[in-house]
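Below you'll find only one chain, the form predicted alone, shown as structure tokens.
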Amino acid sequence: MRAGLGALPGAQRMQIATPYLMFLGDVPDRLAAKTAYGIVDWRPEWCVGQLRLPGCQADLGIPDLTLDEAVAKGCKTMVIGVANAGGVLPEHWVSEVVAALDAGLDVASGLHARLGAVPAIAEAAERNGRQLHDVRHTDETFATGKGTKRPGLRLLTVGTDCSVGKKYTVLALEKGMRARGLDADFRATGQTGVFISGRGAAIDAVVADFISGAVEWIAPAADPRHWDLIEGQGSLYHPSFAGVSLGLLHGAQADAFVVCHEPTRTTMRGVGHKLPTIQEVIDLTVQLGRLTNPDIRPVGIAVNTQALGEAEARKLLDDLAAEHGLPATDPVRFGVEGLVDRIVTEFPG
């Protein structure tokens, strides 16, 4: 049996109770609630309803519930599914969080602001015996990465840029690999992923010296045929996030990787640097990844083709597959069968 995350010291402190009530506050648009949308997309069975304040311009397409209705339907945690500028908790949301705690719910947040730093929230959690989960932060103490070979198989998504579909790719792979009878688990390294999996660590909040060690903790020694599918972050070529990406690569000790790409971009998000080519990302990932796994190899290309028509998307994918000798797909639009086929071929047994 695998030595799973839940078996590790401290792992249960990371566990978020399901099902969820999704709190959207009064966000001005869908993008501001992207965390909530990601959770609903991949774990709809955990999302019982949503709580919105007057003026909210986002709608997850699930029932609107009061706190009492949510508790009656079995909700365990209210998730603040919002990503706003600065990661702040608006003052007028504090009373809603306190009310949720008083109603008997735990509260989880992906904001940079810590829930427990607000006195009224901390007091409500204490008097009700409820848990506060700040998924961008953890009380877990990580060791530095060691790079020692550990059993189990690991796949990491890497990107030509940030926000190109790395999380969605590994989630689609989890579903596709399990459907083929493979033992595979998604491993979260960002706040939305932690909500989707119920556990994990937001790597961008880990002190740099301990990034690779945190990934070793997230994806520990396992059964030799078990796959940990590790959510990538940033890009090795992105001047803002390359440090996080490299720590992830070394800690993952990846046997396989999938390159994720958005074809309409010419520069990387938030900076003026030119987007690297897929081949450049493959070459650099292999070069740097060999430090902790000399046998690292690419197994496919995942392309976000949302901005392309179907015929144009299919032609691009066919061209990329021919150019790189790897299966290429849009995991959300066209599935991951080709990627799973390649994984089975490369890692038989």
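Here the structure is a predicted model, which is why all the values come from computation and not from measurement. The first residue of the shown sequence is 1; numbering continues from there.
What comes next is about the form predicted in complex with a further copy of the same chain, which does not appear here.
Every residue in the set 205, 239 and 244 has a non-hydrogen atom no more than 4.5 Å from a further copy of the same chain in the predicted complex. Interface residue remark: residue 288 is counted as part of the site for a further copy of the same chain in the predicted complex, having a heavy atom within 4.5 Å. The shortest heavy atom separation between residue 211 and a further copy of the same chain in the predicted complex is within 4.5 Å.
When contacts are judged by a 4.5 Å heavy atom cut-off, residue 110 does not count as touching a further copy of the same chain in the predicted complex. In the predicted complex, at least one heavy atom of residue 271 sits within 4.5 Å of a further copy of the same chain. Listed residues 124, 162, 256, 184 were compared with a further copy of the same chain in the predicted complex; 162 is the one with a heavy atom within 4.5 Å. A heavy atom within 4.5 Å of a further copy of the same chain in the predicted complex is found for exactly one of 62, 65, 284, 321: 284. For a further copy of the same chain in the predicted complex, the listed stretch (102 to 110, 221 to 229, 142 to 150, 256 to 264) containing residues with heavy atoms inside 4.5 Å is 142 to 150.
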